[in-house]
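Before any questions on how it binds or moves, here is one chain, the form predicted on its own, in structure tokens.
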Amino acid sequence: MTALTLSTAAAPGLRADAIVIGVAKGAKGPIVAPGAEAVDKAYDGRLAGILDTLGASGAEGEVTKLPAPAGFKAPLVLAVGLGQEPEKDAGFDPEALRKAAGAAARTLTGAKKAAFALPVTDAADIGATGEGVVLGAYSFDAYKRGDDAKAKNAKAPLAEAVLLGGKPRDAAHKAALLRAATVGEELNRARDLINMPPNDLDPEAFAALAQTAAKEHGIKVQVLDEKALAKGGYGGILGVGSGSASAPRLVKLSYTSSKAKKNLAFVGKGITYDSGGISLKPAGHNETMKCDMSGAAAVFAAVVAAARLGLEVNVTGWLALAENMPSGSATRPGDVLRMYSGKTVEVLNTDAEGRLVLADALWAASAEKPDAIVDVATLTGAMMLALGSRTFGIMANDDAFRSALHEAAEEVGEPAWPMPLPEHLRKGMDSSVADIANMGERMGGGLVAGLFLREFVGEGITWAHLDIAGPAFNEGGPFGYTPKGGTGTAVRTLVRLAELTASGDLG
């Protein structure tokens, strides 16, 4: 992971591979952002004009390289776009800093040290910049260590980032940087899990990794294997995993604080590979299905982050792990499963499997009577059609809780949108042979899935469902601090929810 430090040193005298400055989009051309005054002075106050000549505009994500001025100990100045110049007396949005720092860190792959002279004014800005650096510097190269020349010459991520303008002895600044490093590292852990190939990350392997991390960070862990699941009556998880040679698992991670007054439960869908089962996915839809455990990865990372940050709230994570494969022992369309709650479900489509494993885990979480439950899942293609590839949907049985989660997501830079749970769609899941079917009306399929999950939340428990099908896996090119592949979306929202709950500030 990229090391983060604070410094009050002046940019010209800093030994580094590059000095990173911010550039905003002004009405008449690029504007050099605050924090880069010493750099601009070294260019005789002509830096904005030079950048304009080079074609820079200050647009978000834009990166421009130019030789450092005479007298600088760093050879390179890297100007990164912050987007539109803010109104007078208004600072730059933390997300703009996060994205700019991420783009710069990704550009500086191979560098040992870079100094970031971005417009930071307080601890929140420092945290956003540090987080952007750690997330932007991420790379997944565990499977690129061959003997070929390309692998040998692969550049390592940026090793160290010095944040100028931060005060090394200021408690708030140090705390913000520590939080950024912790959350960034755990989010990158989730990305690693999502990017791992399914032949190496089956349910058993995922559970083993969770056990190792739990032991390291003082988290209590319980793993239910296929025998324990059968004894306990977890028909949903067992039904989904019945077609695979890799048996399913239910992992419970419990972080407790002696000062906690509230209890949160996070439930993650962990389908380590989703072929669709007997309802096989069509060609072209299988290649990225290793990412169908992104919800479980986000829950896992969030619980570990809460433990590392020492948050004064109890957080329990439930990882519902299974591999959905077709075989002679697989669940068939038309089968009826008896769930952990006792309800029966008619399986009309085996590719609607995520809601089945989540249903069992939700009921298990409900039995402990937490103050709130949040489940996270790459659940429906319908949500991608509704919100695109960068925004996740939020459904809940409590409007205020849904709004609070939406605000938390937007605050940390994870685009989200509140979605309804229309009661008229529930009737479409009525079954003539079971208590409920796992499919309903095709139109509004993402909402139907939310209504199905609601059936397995204990009475009186506040609950929300995050459908992260769109932003969980980026099939396009990298942008801002988001890499190609697994993104780790929802980790920061869950951590922020835990922080707000611990402080009593949850709206």
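Small disclaimer: the values here were computed from a predicted structure and weren't measured. A residue's number is simply how far along the shown sequence it sits, counting from 1.
In what follows, reference is made to the form predicted together with a small molecule, a form of this protein that is not presented.
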Has each of 292, 351 and 380 got a heavy atom lying within 4.5 angstroms of the small molecule in the model of the complex?
-> yes
Examine residue 355 and determine whether its closest non-hydrogen atom to the small molecule in the model of the complex is within 4.5 angstroms.
-> yes
Does the small molecule come within 4.5 Å of any heavy atom of residue 338 in the model of the complex?
-> no
Report yes if any heavy atom of residue 274 sits within 4.5 Å of a heavy atom of the small molecule in the model of the complex; otherwise report no.
-> yes
Decide whether residue 419 counts as a contact residue for the small molecule in the model of the complex under a heavy atom distance cut-off of 4.5 Å.
-> no
Here the chain is shown alone; which of 439, 453, 32, 56 has a heavy atom within 4.5 Å of the small molecule in the model of the complex?
-> 439
What is the one choice in 113, 343, 281, 262 with a heavy atom within 4.5 Å of the small molecule in the model of the complex?
-> 281
Pick from 130 to 138, 298 to 306, 203 to 211, 371 to 379: which stretch has a heavy atom within 4.5 Å of the small molecule in the model of the complex?
-> 371 to 379
